[in-house]
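Here's a solo chain for you in structure tokens, the form predicted on its own.
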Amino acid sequence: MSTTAEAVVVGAGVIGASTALELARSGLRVTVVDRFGGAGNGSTSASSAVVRFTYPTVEGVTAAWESRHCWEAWRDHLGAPAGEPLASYIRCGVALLDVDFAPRALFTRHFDAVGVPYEEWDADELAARLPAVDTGRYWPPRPVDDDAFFADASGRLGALHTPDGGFVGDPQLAAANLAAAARRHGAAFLWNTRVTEVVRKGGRVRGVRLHDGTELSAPVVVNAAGPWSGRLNQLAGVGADFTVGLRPLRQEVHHVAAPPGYHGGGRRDGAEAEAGAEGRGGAGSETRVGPVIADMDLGTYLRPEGRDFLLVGGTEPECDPLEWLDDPDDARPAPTASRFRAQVTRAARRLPGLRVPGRPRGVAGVYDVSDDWAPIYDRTGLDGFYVAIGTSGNQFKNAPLVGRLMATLVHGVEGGHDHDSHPLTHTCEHTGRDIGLGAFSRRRRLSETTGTVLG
């Protein structure tokens, strides 16, 4: 059996669903194929969905700042009808604690250029704003069984604070929202379906073959398969000209009760009080919560989860072995006691009032990690075969924009533009800023990043 489309998107996570929406909006007949039973059921569902702007490249900052505007106007972005339940953007602020290998100037030079508001806090200001936080400097991160882990602080930390940062409260719902919007523009979705072959002819993609033998004929195929993207690239016979490699990485995020004072107390200015009191866009949450804290000094990050809880994730400190996978299907779905103890104990070092439970609670997911922890949004050596991959656990925030970047790329290249020699540029709707898509090239020199999920 054979069916036809003008574009096939493989993967219905938040990146694939956004790409499907924008390609369908642009007039293409789109079919989306996903191995799971619904949008965002894979790695998207395990995302902490943090929206921050601390990227060390101007393209990264510009993309995150533009995407924040999309999240704050989520219903308008989707063209969603009144009454459709939507994911909410919670503007609670993000505090990046000081660390020498990622000094504030690495980010603020781009904030100044792009127009991202920020505040620079010294240790006293950090303590006044966030009294639940221990401002001690403990670098470098150490295993929690190391006697030196509990050594006295060597100094005190301040923070770089961006009041417009925050998080999306339900990442899986956000992907479902994008898929629903894509369907309104005519996109079709095939669930519980795997691609077994990328059909090629004469140096060009011709579609994909599915596990049931169905062939989807299409002149454009977009690989947005997340942790399975490397496998799909192999089926397509692409990757020989990539200068950036990809590997699946299993990670865990843990769920704990917030300590006293995290979600309140401390000195708050007017902007912070407004930000904490209102979750904008989507469903319009009215819960005041504390900020997201990025703590590379101890190797962890903290994100509010409602009024009473926190999500605790890791920033890949050198002292912790990384759990690389040959096959993402081998990932254990439940959190482990050892990883839970390490990450939550680090969080408790930063938040002395936090209790470390005796039993792990949280989620495990798999990142599609690039060598430099930056994404690849590009064409490939197989004409018509495009990739939106290597999202490295830090691109959820940019999903609303990524669909538009991919639409710019597909239409430009299919229209005859030589993107490899003269990279395309996308002009952002909300900020009016241009983003050169060469920054996300498969052939780039490795980007200047922190080498962690924080990008």
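Residue indices: 1-based, along the sequence shown. Keep in mind that what you see is a predicted model, and the values were worked out from it rather than measured.
Beyond the structure shown, there is the form predicted in complex with a small molecule, which is absent from this document and is the topic of what follows.
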_Within 4.5 angstroms, counting heavy atoms, which one of the listed stretches 93 to 101, 335 to 343, 358 to 366, 111 to 119 is next to the small molecule in the predicted complex?_
358 to 366
*Looking at Ala179, Ala374, Val195, Ala87, which has any heavy atom no more than 4.5 Å from the small molecule in the predicted complex?*
Val195
*asked:* Taking any heavy atom pair closer than or equal to 4.5 Å as contact, tell me whether Phe53 reaches the small molecule in the predicted complex.
replied: no
*asked:* Quick check on Lys397: any heavy atom within 4.5 Å of the small molecule in the predicted complex?
replied: yes
_Can you work out whether Thr44 and the small molecule are in contact in the predicted complex, taking contact to mean some heavy atom pair no more than 4.5 Å apart?_
yes
*Give a yes or no for Val10: in the predicted complex, does one of its heavy atoms lie within 4.5 Å of a heavy atom belonging to the small molecule?*
yes
